[in-house]
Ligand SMILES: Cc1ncc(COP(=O)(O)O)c(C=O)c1O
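Next comes just one chain, in structure tokens: the form predicted on its own.
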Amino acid sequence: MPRKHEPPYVVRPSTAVLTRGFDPRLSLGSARPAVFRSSTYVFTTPESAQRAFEIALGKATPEPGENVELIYARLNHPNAEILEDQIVPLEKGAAAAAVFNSGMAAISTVFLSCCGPGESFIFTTPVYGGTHHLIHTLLEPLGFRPIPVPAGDGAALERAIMGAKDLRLVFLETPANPTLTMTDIRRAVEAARGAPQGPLVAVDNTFLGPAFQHPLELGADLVIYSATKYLAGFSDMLAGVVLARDADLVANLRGTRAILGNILQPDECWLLNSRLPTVTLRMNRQSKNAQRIAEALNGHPALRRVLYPSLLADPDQIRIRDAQCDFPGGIITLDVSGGRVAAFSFLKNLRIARDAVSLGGVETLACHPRTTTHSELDEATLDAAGISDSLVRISVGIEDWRDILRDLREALDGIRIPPGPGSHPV
């Protein structure tokens, strides 16, 4: 029996993700959520319909504990509600979540909700190719004012935040894709809080979250995921998630989502929900595998360097890593001697790892960012960001690390560069 004045017991995230947000009595006693494919929902009374629309349109806010009835699956549906409730415990500091039908849908909705034509936003570079394409082919022509800042340059980020006019959003991708350069989240947050406009800080946390990096605890307002990656984990679905400390920010995103129609569908919500209990288990295995492999490959004669958080040499990057990352994660970037020809030869030699884009799945994947994931960037931008022809990004899976290491070593040992002007054997 609890003692007097003893605080209520709060379960840990690994338990909450399996127990909150779902009542079996509402699904005929099913131990796990069912799939609700209905497009429209029946109101109990006209008054409940009126109330549901008032809240959906932002004219009213729900009372604590109020059961607001569903309207239409473009706005919300049971599987989205269950998923959004159950994913919150995985993100330290989160109060609410919104789910989307892809990572790019989540990112697009954040930009469109937080900024408008004539207003500015800051983003770190390099940034994922799809995000770069969104910024320069859609947002910029619409009158949004993007301000790029090199990842990891805290002083430049502070200057940009203080000097920007009508600044509404600071968008960080850390570690950067594919260079793994880290940006100091807390420093960015402190600069944003000191800026006259008080811009929001959003972090694309796909590479290290939710297991190894916790932006909301560092003061960020929004954390964004391509849930296609580690959250789903099996390379078999698309999804996106945005979480926040302030539930009102999430409500605003849901309003934009209803207009854009990019909510995650019931079947995918059900599938992603089933993956949540194993996210931390899978990410821990992938990080342990990647660290062993990266450190074993470091110094290989076919490599100029191995880019991986545990192998950082720059003191400021080490400081940032130690301050905001619990573990180094499952992504390694190899800088192969011999440029594109050598990088392509390496990829062709792989037997276990697959030459494919995306990341975070249980299988090991490898790709050449300059000609695939970041090929939408022009050459000057690629060069400035350090995305050279010699880089190969590897997403380490959950296979036995010794098998992956052997595969990568044999692929490196087997690199062949055909004779020609400027070529040399590796």
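One-based numbering along the sequence shown. All values reported here derive from a predicted model rather than from experimental measurement.
The discussion below concerns the form predicted together with the named molecule, not included here.
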Practice prompt. Identify which of 344, 128, 123, 308 has a heavy atom within 4.5 Å of the named molecule in the predicted complex; exactly one of them does.
Written response: 128
Worksheet entry | Proximity to the named molecule in the predicted complex, single hit among 107, 332, 182, 202 (heavy atom within 4.5 Å) | 107
Discussion item. So, a 4.5 angstroms cut-off on heavy atom distances: do all three of 103, 207 and 226 pass it with respect to the named molecule in the predicted complex?
Written reply: yes
Discussion item. So, residue 173 and the named molecule: in the predicted complex, are they within 4.5 Å at any heavy atom pair?
Written reply: yes
Discussion item. So, residue 359 and the named molecule: in the predicted complex, are they within 4.5 Å at any heavy atom pair?
Written reply: yes
Worksheet item: Would residue 177 show up as a contact with the named molecule in the predicted complex if we use heavy atoms at 4.5 Å?
Response: yes
Worksheet item: Is residue 239 close to the named molecule in the predicted complex, meaning a heavy atom pair under 4.5 Å apart or at it?
Response: yes
Fill in: Which of 138 to 146, 95 to 103, 69 to 77, 247 to 255 lines the interface with the named molecule in the predicted complex (heavy atom within 4.5 Å)
95 to 103
